[in-house]
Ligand code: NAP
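Take a look at this single chain in structure tokens; it is the form predicted alone.
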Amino acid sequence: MNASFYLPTRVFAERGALVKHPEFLRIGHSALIVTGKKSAKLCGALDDVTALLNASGITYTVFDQITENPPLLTCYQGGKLAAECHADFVIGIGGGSPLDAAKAIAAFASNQGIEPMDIYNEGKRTKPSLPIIAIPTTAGTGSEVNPYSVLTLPEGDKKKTFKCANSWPRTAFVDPLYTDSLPYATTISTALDAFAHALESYLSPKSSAFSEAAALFAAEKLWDVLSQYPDEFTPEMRDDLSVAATAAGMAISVTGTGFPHPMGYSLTMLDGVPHGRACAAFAGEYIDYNEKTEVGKARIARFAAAIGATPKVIKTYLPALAAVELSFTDEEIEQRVSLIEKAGNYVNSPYILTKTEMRDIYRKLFNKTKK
């Protein structure tokens, strides 16, 4: 049995987590706070953090320039600012974008003088990243408990994942309170992202007893909420979504993700589809193709039974909930396939897609009216 895992992040997951455990915020003398323009302020997380830092005499600088699909060049500038402010640790507050950006900024801050693309070169990135604290304000990416930092390259239409041994957050404060103010549509999309993590991790050839347990725990809680299609999300639902998203993030820290993630990236980058919905749009095809293999069919059946569903219901319901309505010409499909065909995720499933099958999937889902 493979029961391998590595999780160097200490997680506090409860309402009031940050306020109840302020001593774990005190890991340096000066912090760079990495966030977006609005979300950390609106949910109260930024005020909670700065109040605790002020009370402890820790200086800080707020870098609130992070946008969705964080650009590599923005993170490069954040790293320069961290060095200029003599920050000795980084606090990421927000959804997956600020948390991912915090990891890259922490690396750039320690390795002044490297060029933006050098972050992917271990030979040039010679110094350990600054310590990172992660405070998620959405329930989706699980970035608080994995080392991945998905960044948009300077061309603007491609993403590339940065990771290193030092990009794990040291501590994560997972407080569902910060998700209470999320809009309904954002809550759905981030939950779909977390469910994709659970499903894709469970099917991965890299899965272990630990990752499978985390994936099933996450999937059951997520399905319990999503399958109700609630008109609104109660605090109890948001509690479940938060802990499930973190568990799913733990699962992919072992396995990585499968092909819905890269295939969804082009919809996000070129068409503005939120990441979770973009991944869920491919859930049906992901299940169909993996059911072509004996291993995939058996694992999908076990996954579905564990959450009280059937493969047919899952592969029908998730794309319907994602509600991605797009239509592409063959030329537009070719453009999208060319952006993601070399991603490493394709080998991370029982069934490995060919480039022709990638095109076939896009045509089946999105080549409905344009010819």
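Source: prediction; values computed, not measured. For every residue, the number given is its place in the sequence shown, counted from 1.
As for the form predicted in complex with the named molecule, it is not shown, yet the points below apply to it.
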(request) Within 4.5 Å of the named molecule in the predicted complex, counting heavy atoms only, one of 104 to 112, 185 to 193, 198 to 206, 221 to 229 shows up; tell me which. (result) 185 to 193
(message) in the predicted complex, does each of 74, 259 and 340 have a heavy atom within 4.5 Å of the named molecule?
(response) no
(request) Would you check, heavy atoms only and a 4.5 Å threshold, whether residue 125 touches the named molecule in the predicted complex? (result) no
(request) Considering only heavy atoms, tell me if residue 181 and the named molecule come within 4.5 Å of each other in the predicted complex. (result) yes
(request) Report whether the minimum heavy atom distance between residue 316 and the named molecule in the predicted complex is within 4.5 Å. (result) no
(message) With a cut-off of 4.5 Å between heavy atoms, is residue 78 one of the residues that contacts the named molecule in the predicted complex?
(response) no
(request) Find the only residue in 69, 61, 56, 327 having a heavy atom within 4.5 Å of the named molecule in the predicted complex. (result) 69
(message) So the named molecule isn't shown here. In the predicted complex, which residue out of 148, 289, 233, 210 has a non-hydrogen atom within 4.5 Å of it?
(response) 148
(message) Suppose contact means any heavy atom within 4.5 Å; which members of 74 to 105 contact the named molecule in the predicted complex?
(response) 95, 96, 97, 98, 100, 103
